[in-house]
Ligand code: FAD
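A single chain comes next, written as C-alpha cells; it is the form predicted alone.
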Amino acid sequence: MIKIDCLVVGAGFSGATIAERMAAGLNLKVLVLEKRDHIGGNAADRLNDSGILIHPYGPHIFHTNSLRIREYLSRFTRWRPYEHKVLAQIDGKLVPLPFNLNTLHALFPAAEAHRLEQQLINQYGENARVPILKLRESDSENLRELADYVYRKVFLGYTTKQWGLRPEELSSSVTARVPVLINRDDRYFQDTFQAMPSAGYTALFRRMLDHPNITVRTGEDFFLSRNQIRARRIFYTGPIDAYYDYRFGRLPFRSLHFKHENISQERFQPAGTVNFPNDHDYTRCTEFKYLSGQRHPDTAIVWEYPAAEGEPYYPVPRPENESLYKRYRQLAANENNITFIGRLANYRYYNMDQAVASALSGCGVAA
C-alpha cells in the first residue's frame, strides 16, 4: 500500500498544474498517474522520425488574455511569439478565418463587398465581433443574405463534419464561437498574448513536474492501481462517467483521427492551418513548422478526421448531455476527498489557459 498526501490522475495541463501547486505551494508529496506513456495529455509534442517537432494529437496554439496564467506558465518556459493564421477553402479560394473584411473582399465582387462592408460598420461598428446567428437576425436584407452565405459556406459543412450533427441540433454556444469580424485582422485568435513554448509543450510539462515532492508514473491506469494507493486527497482529471463506471450511461464525446505525413519540401501550404468546410472527409490540415518556427528542409503536416469513436476530445453540447453530466456531478458532490477537475471531468471544452485557470481555482493554491 502506497500512502501519499495527494494523488493526481492525469498529467495534462489540469493535472500538471495541480501537482505543481500541491508540491511547490503546499509542500505536499504528490503522485501523478498517467495512463498514456507520456506526460502532457493532448498538448504533448515530440520529434518525428525526421526530427520535426509535431503535435501527435493535433495543433495546440497557446493564447490567453490572463496575465496571471501567462506569468504562472512563464516559470516553466520561454515563449516564441506566434500569431496563428487559418485559411479556409471556399469556392476554390483560400480566404482568411474567422470571416472578416478581407474574407468579404476576397469572395465578393468589389462593389458589393464595399457596400456590405459599409453596412456592417454602420450597423455594428468597426472591430465588432458579430455572432453568425445575430447577423442572421439583422434588419438589413443584404446582411441577412451575407449571414446565410457565411453560414452555408463557412459554418454548416464544417460543423456537420466536426460534430456529426447539424448546427440546429447543437447548443447555441457552438454558433456563438463563429463570429464575423468587422475588421481586417487575419489572426485566428485576438487574445492579448499569443505564443508557443520555445522548447515545446512536453518540455514545459517536464519543468512543471520536476519537483522533489512529485513522482510521475506513466503507462499506469488509475482504475487498476487505486486499491494500492491511499491518498489524503485525490484530484481526478479523467472522464467523470468512467470514474463511476458509466452508471447512468456514457457522456457523448466527439473524437479525432489523425493522418500525419512528412513531406520532402520546405513548405506545404501558405498558412499554419487550412480548413476545408465543404470538401473532403477531413476538416483541416496543419503544418507544424509554422507553429514551432523550426528550420528544416522537410515539413510535417497532419490531416484531421472527425470521428464518433476514439479518444474523447470534444463534449457534445446538447441539453440532454448536460443533464446527464449533472447526474454525475451530483454523485461527485457527495465525495469527501476527491476533486474532479479538467476538460473530461467537467465535461467542458477548455482552451489551455482555461484548463490552467480551472486547476488553480480547484486546487485552492494561488499561482
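Counting begins at 1, following the sequence as shown. The structure displayed is predicted, hence computed values, not measured ones.
Below, we turn to the form predicted together with this ligand, even though it does not appear here.
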Triplet G10, E34 and A43 all within 4.5 Å of this ligand in the model of the complex via a heavy atom
yes
Just one of 70-78, 216-224, 136-144, 117-125 has heavy atoms within 4.5 Å of this ligand in the model of the complex; which?
216-224
I'd like to know whether P59 contacts this ligand in the model of the complex, with contact meaning heavy atoms within 4.5 angstroms.
yes
Tell me, yes or no, whether Y313 is in contact with this ligand in the model of the complex, where a contact means a heavy atom of each within 4.5 Å.
yes
Could you tell me if A357 has a non-hydrogen atom within 4.5 Å of this ligand in the model of the complex?
no
Considering non-hydrogen atoms and a 4.5 Å limit, does this ligand approach L344 in the model of the complex?
yes
Scan P252, P96, G200, P239 and let me know which has any heavy atom within 4.5 Å of this ligand in the model of the complex.
P239
Let me know the one among L256, L104, L181, I234 whose heavy atoms come within 4.5 Å of this ligand in the model of the complex, would you?
L256
Just to make sure I understand: among 280-298, which residues lie within 4.5 Å of this ligand in the model of the complex, judging by heavy atoms?
R284
